[in-house]
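Below you will find one chain, with nothing else, as structure tokens; this is the form predicted on its own, and questions on how it binds or moves follow later.
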């Protein structure tokens, strides 16, 4: 049996809702299923305003526009994140300022943020890696002291909770992903959460190509016109129909995925106790959505051997991306590997393990047995 890194989950009602949306002949954004998704998300999680977007990438680009980033501005973000986080900054002409990570979570090291703030800093963009929420209380306090916005890259943390509150409720704005690799998926999709009421009207203008069409829909204008910059930051209602089926099943999905987390923890913890590797440490004030699981090996050689030996057994863990600061684009901004040392070192030893909802019901024991054999070969125990 092959264990892939990821496989999208079907909750059971996607086809029914997709057929309904298709037959409605109302297929573009902000139609029936978009409204259903937004209503469910606001009622269940208490988000400010929700804007469904074609991707999390689009949500972050929309958020960067709302933050009024312009050439010469600086944005603090971790180097250990996907390129979309930095692209949202660079597309506005601003400069990404890379912060190192906390090895316990691979999230931004909050103790280093304040030292990176300059008179040009406009925004902090933390990412909730593996679905583990950043320390948003500390980040928000820093932002408040320096009059900065926070755009939380919550691509991986939908349905995670910090201090009893859902991810996406702590920052000025937050961006979620519904890509096929995430807990909830509609193939491609995202959402921008806007928690500052003063930004909501403009967010609607940006989403509708810079027009005030939203005011016409509300009956406040007879005609709409071009009033701002913007783009087509709209999720097609056909994809929203698929997403709605997933949203209805979110509790079931997270419960299933928790079995995978438990299986990995039980397998790897004895090796962590012996100092062979390190595991994520989940803070006590966090309720996890079980998006992913990572292992940091003692050496890069053992990381590479682990990947190869797993592939030989038809199990496919994933190394992940290069840190942004040492990637081609990061070097174009003048960054050197030694400038973000913890991220640089950990990136050579980290592995993301296969993680998808169906694995909980089929293949988990096979996956664990294959990895157990690999670990015994690596460490002799």
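Positions refer to the first chain, counted from 1. This is a predicted model, so every value here is computed, not measured.
There is another form of this protein, the form predicted together with a small molecule, and it is not shown here; the text below is about that form.
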Is there a heavy atom of residue 246 no more than 4.5 Å from a heavy atom of the small molecule in the predicted complex?
no
I'd like to check something about residue 84: if you look in the predicted complex, is any of its heavy atoms closer than or equal to 4.5 Å to a heavy atom of the small molecule?
yes
Wondering, does residue 340 line up within 4.5 Å of the small molecule in the predicted complex on heavy atoms?
no
Is residue 290 one of the residues lying within 4.5 Å of the small molecule in the predicted complex, judged by heavy atom distances?
no
Tell me, out of 193, 127, 101, 75, which residue has a non-hydrogen atom within 4.5 angstroms of the small molecule in the predicted complex.
127
As a check of understanding, the residue in 170, 179, 202, 122 with any heavy atom within 4.5 Å of the small molecule in the predicted complex should be identified as 179
Looking at heavy atoms inside 4.5 Å, which stretch does the small molecule contact in the predicted complex, given the options 212 to 220, 149 to 157, 102 to 110, 277 to 285?
149 to 157
